[in-house]
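Let's start with one chain on its own, the form predicted alone, as structure tokens.
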Amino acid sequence: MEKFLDKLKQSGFKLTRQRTEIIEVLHSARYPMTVRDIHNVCNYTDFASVYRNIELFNKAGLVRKVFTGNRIAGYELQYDSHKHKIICLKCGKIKEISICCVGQVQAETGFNISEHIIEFKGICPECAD
């Protein structure tokens, strides 16, 4: 978590109580959180401040926007290693997966890929029953 707080300071932003709280919430999250989810967990930060700070974090490269099965944007901390997800279209459950096909895509297309986001969507085993 300290890495994100340091990156925020290095980007020229003050390290306020609200910003620290939002980063703590995202750091402890196991899945991407909507602005409303983040606000519901915060003790010291109003909804408008959560929204403004998430936008600031997004511009500073601290968070990544992820669209879940319900088309609502969720946010997660932007770690150095990338993550891929599979999302259930019925219940919205999100599971991280370790498969990455960037090397194969680069080989097939000749593109030098600088970034990517891969989301698979389907029906989880629990909802398929």
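Everything numeric in this text was worked out from a predicted model, so none of it was measured. Throughout, we count residues from 1 along the sequence that is shown.
Same protein, other form: the form predicted in complex with the DNA, not shown, and the subject of what follows.
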(request) Spell out, yes or no, whether the shortest heavy atom distance between Q78 and the DNA in the predicted complex is within 4.5 Å. (result) no
(request) Determine whether any heavy atom of Q18 comes within 4.5 Å of a heavy atom of the DNA in the predicted complex, and answer yes or no. (result) yes
(message) Does any part of H27 reach within 4.5 Å of the DNA in the predicted complex? Heavy atoms only, please.
(response) no
(message) Within 4.5 Å, heavy atoms only: does Y31 come near the DNA in the predicted complex?
(response) no
(request) Could you tell me if all three of K83, K93 and E126 have a heavy atom no more than 4.5 Å from the DNA in the predicted complex? (result) no
(request) Would you mind checking 36-58 for residues with a heavy atom within 4.5 Å of the DNA in the predicted complex? (result) R36, Y44, T45, D46, A48, S49, Y51, R52, N53
